[in-house]
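Take a look at this single chain, the form predicted alone, given in structure tokens.
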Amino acid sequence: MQELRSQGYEITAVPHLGYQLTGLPDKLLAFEIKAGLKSKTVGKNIIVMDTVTSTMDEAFRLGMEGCCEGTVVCAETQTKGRGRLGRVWLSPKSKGLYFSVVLRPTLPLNQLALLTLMSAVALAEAIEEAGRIKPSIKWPNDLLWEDRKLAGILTELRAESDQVKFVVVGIGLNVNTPAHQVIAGASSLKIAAGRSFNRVEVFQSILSSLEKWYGKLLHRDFLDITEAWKERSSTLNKRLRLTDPTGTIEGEAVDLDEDGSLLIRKDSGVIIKKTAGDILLLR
């Protein structure tokens, strides 16, 4: 009893009956996450940390050490959480889900962009089920609610020649973050839905959805992934400005290529294929 109380469970002694559980801790506990988890691979090994510099760094280290596929590293807060293009990801303690998953897909390097799209679809579907809200996806993998950033996804990999050794998928989701703790242009599930969420239940939903869509990726069901992504896209058929190391272009996002690249039609009519970049939607 003392051990459970030390972890934040509220337990009351009831005369002649024993003990009654009267309150649950707002904490991520590995055994609670696994207890209701439906997936078999994603979440097979769950490591929960209170504070970490970045779950990406910890997961990448474990990947290098040969950890099993589906290993998940999550933390209550990150001191140096990061997003795409070196951006900082703020991680208010016990308010969001900040985690990274180690995957070992048998895919060639030129198809790994689809893993990024798959992760965004899986996260969006889980949020729809858990939160009863429908986020959109900004290419390639930012989740938006009413044009405000709800979640971000970062992928990093280790490869030798053309062989992928492992990929780390990092996800940051604002769950119960109040309005005064989100940066300008961001949102949270609590803000969007008008209520607080059980983070363990949301986490379980995300991990189960990731396993489902990862299975589609491994079975080469690429069309299912790209079509699901298109249905949720806030980017396609919009005019945008894309910046990458080669420069900046403007045009209309017209489609996804079969490998997950974005196809942009410039004003001249020429269609440019982009596999990465930072986009700004233009009104």
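The first residue of the shown sequence is 1; numbering continues from there. The structure presented is a predicted model; accordingly, all values stated were derived computationally and were not measured.
Although it is not shown, the form predicted together with biotin is what the next lines describe.
| field | Touches biotin in the model of the complex: residue 145 (any heavy atom, 4.5 Å) | value | It does not: once biotin is placed as it appears in the model of the complex, residue 145 has no heavy atom within 4.5 Å of it.
Taking any heavy atom pair closer than or equal to 4.5 Å as contact, tell me whether residue 149 reaches biotin in the model of the complex.
Yes, residue 149 sits close enough to biotin in the model of the complex that at least one of its heavy atoms falls within 4.5 Å.
I'd like to check something about residue 93: if you look in the model of the complex, is any of its heavy atoms closer than or equal to 4.5 Å to a heavy atom of biotin?
No - in the model of the complex, heavy atoms of residue 93 and biotin never come within 4.5 Å of each other.
Exercise. Using the partner position in the model of the complex, report whether residue 154 sits within 4.5 Å of biotin, counting heavy atoms only.
Key: Output for residue 154 is yes: heavy atoms within 4.5 Å of biotin.
Do heavy atoms from each of 54, 89 and 170 fall within 4.5 Å of biotin in the model of the complex? Yes, the whole candidate spot contacts biotin.
Practice task
Pick the stretch from 96-104, 203-211, 187-195, 126-134 whose residues have a heavy atom within 4.5 Å of biotin in the model of the complex.
Solution key: That would be 96-104.
Inset, instruction - Check each residue of 67-81 against biotin in the model of the complex and list those with a heavy atom within 4.5 Å, in sequence order. - result: Residues within 4.5 Å: 78, 80, 81.
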